[in-house]
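One chain comes next, on its own, written out as structure tokens in the form predicted on its own.
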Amino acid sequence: MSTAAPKPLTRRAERTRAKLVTAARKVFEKHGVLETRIVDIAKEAGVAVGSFYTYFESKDELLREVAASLYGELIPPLPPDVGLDPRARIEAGNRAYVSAYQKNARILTLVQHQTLSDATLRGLYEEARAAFIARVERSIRRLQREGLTPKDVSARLAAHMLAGMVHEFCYTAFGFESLRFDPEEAISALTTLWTRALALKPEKKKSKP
């Protein structure tokens, strides 16, 4: 016997659900995941505790919703790259990731710690990581097609390594209060390391007609 599909939420219900997600993020950041209570989230959202269970079965399910929205922010669409040279394209990608991670560092660090004990959350993290690596791989393949970087290194392998470098830097630089790095200096350094690792050549200038 088939199960009926859930009914779409009304606009009011969508707003209430969104308020719970926003509130949860604030409370998780303030108290940590383990110490956060559903009553705290409901209070922050300005809804009754009973309303929480209309939209989420548990605190863990809500945390996964928060995580999914965060991972979406880490890999936003890049600005149009028409007219940008290869280094500028690389810098734009690094800037988008670093800026988003710095903005969300506290909650991202909390979520990453929870992936060790929550298989579903870990799956969301792995999907986001795979999406980031795939975008980097497409960029490297494009550079190879344009003759701007050698083809003697696997684009897939290089993407895993370079994406891992950016993520690990952000995790340690912005996830721990004892470390302090200037974001602009970090973006510049990451971009320089990328261009050197890829043996990036200057963009070929188009000849004038």
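By rigid core we mean the largest C-alpha set that fits within 1.5 Å across both forms. A residue's number is simply how far along the shown sequence it sits, counting from 1. None of the values given here were measured: they were computed from a predicted structure.
Keep in mind the form predicted together with the DNA is missing from the figure; the text below concerns it.
The DNA in the model of the complex is approached by residue 16, whose closest heavy atom lies within 4.5 angstroms of it. Contact between residue 157 and the DNA in the model of the complex is not found at the 4.5 Å heavy atom cutoff. By the criterion of a heavy atom within 4.5 Å, residue 36 is counted among the residues contacting the DNA in the model of the complex. Contact check for residue 53: a heavy atom falls within 4.5 Å of the DNA in the model of the complex. Only one of 144-152, 160-168, 56-64, 24-32 places residue heavy atoms within 4.5 angstroms of the DNA in the model of the complex, namely 56-64.
Here residue 196 does not count as shifted, since its C-alpha moves by less than 2 Å between this form and the one not shown after the core is aligned.
Core-aligned CA deviation for residue 25 between this form and the one not shown: less than 2 Å.
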